[in-house]
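Only one chain is given next, in structure tokens, and it is the form predicted alone.
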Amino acid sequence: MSNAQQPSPIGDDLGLGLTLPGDSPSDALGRRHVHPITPIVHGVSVVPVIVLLVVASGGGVLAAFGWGIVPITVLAVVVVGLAVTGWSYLAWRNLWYWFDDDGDFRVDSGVLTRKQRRLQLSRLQAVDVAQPLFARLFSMAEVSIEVAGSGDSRVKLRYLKLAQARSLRNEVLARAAGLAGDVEEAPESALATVPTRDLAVSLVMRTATAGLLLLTVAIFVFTVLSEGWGGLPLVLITGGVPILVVASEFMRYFRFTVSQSPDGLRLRFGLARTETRTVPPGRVQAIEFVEPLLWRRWNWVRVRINIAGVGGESNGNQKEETLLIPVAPLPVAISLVHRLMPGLDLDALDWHPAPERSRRRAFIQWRRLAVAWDDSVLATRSGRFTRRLSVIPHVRTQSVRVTQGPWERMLDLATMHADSTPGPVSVKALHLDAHYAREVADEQVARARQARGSDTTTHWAKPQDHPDI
């Protein structure tokens, strides 16, 4: 891991050389559509799915009438593609976005059901610019704007020209920071990049992945020696799943780069789908250092973060893993975390371990269980094979709970939870003495109340950060 050079802009040129029509002009109220070519992008993006479905089904019912697989595929692509394009055109006609007189972001959308959204930019959490593969072919991008709030607090605009998407991201960030909306993009400097080799090795060497691969080898040897080749389907499952997971994450976090700007940290990553995520300072709710057993040889860690509204329940009811960096040497990871939580000193924390009787509840990891705090953060640690160290600022504590399972009640133990916003990081002090857990919880409530009274993270940028102010 080394300091990165200036990263290439998101969306390397994969364009088809097409001359795209101009952006949609604004109406009398200052409202704009997304790009007019958006319905075509949606229509093209379904082509691979339709081809795979037709091929997998062998042509379905039409094959019984003597149709070949090629004409069936062409017919399905044309019919479904036109249907998707037509529906997307109706959605495009009814989608408008603009900034209102109060400086908030407004979106009107919907075909059958009209929806009006107003995003209060003072509660902005993150702004992402992403380029799915087929959008990249047309040099297009989508913009995702996330604000704090309950329910659906995210808006996605699909699609804009890449330059227009970046300009909109800059304007949203500037307005959220209390600056004029017509500022140029804030300067940035690259902090770190993840080498391709380190990313690949780290994904293979994770505890779960390495365990499944070793299990695959053991099953293969046992099956061949005892029953011949009849057990190969099981080998394909146990071996195929981790390989698919590794390939998927490798493509997602390819060329992962972290840069610093007055707007916050900018994360750029992706192979087929490229993304730029801007995390404003003060918006990270919790962080976690994850250190699998096989990474310790290189002193590597993964840093996961909770951002309000990002990393909650996504499609498929699975939590999105939001990362500050997928793998880095511990000193590099700590230096990045310091930019999100200035003053954090993990070495100075005074750890309070779980009592010895907790070994009867967690006989593998009980020596690692502990809780610590200082004037700004609460921290917990756990895990023996995969070590985890979680940190939450007092000001970001949403609630505090103390829970006891049946086994914990028998041992007079309890677990204290410091709840953050939904995300991959869970801050909990496992299996403390029950009385002590309640004391820590009460003290954390008081620390959180005091910290919220002095929070000043709403506006972070200053005019001198933008030369044209």
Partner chain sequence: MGSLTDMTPDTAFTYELGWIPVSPRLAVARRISLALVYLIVIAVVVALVLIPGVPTWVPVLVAAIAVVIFIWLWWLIGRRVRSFGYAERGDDLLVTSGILFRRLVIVPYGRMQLVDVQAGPIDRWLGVTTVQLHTAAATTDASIPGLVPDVAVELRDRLARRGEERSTGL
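Treat the numbers as computed from the prediction; the structure is a model and nothing was measured. Numbering follows the first chain given and starts at 1.
The same protein also exists as the form predicted in complex with the partner chain; that form is not shown, yet it is the one meant from here on.
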Problem set entry | in the predicted bound form, the residue from 95, 340, 395, 77 that sits within 4.5 Å of the partner chain by heavy atoms | 395
Exercise. Thinking of 154, 167 and 171 as one candidate spot, does the partner chain come within 4.5 Å of a heavy atom in every one of them in the predicted bound form?
Worked result: no
Exercise. Do residue 422 and the partner chain come within 4.5 Å of each other in the predicted bound form, heavy atoms counted?
Worked result: yes
Exercise. Given that the partner is absent here, does residue 402 sit within 4.5 Å of the partner chain in the predicted bound form, heavy atoms only?
Worked result: yes
Exercise. With the partner left out of view, is residue 442 within 4.5 angstroms of the partner chain in the predicted bound form by any non-hydrogen atom?
Worked result: yes
Exercise. Is there a non-hydrogen atom of residue 434 within 4.5 angstroms of a non-hydrogen atom of the partner chain in the predicted bound form?
Worked result: yes
Exercise. Using a 4.5 Å heavy atom cut-off, which stretch among 118 to 126, 95 to 103, 249 to 257, 288 to 296 contacts the partner chain in the predicted bound form?
Worked result: 118 to 126
Problem set entry | Any residue of 83 to 109 that, in the predicted bound form, places a heavy atom within 4.5 Å of the partner chain | none
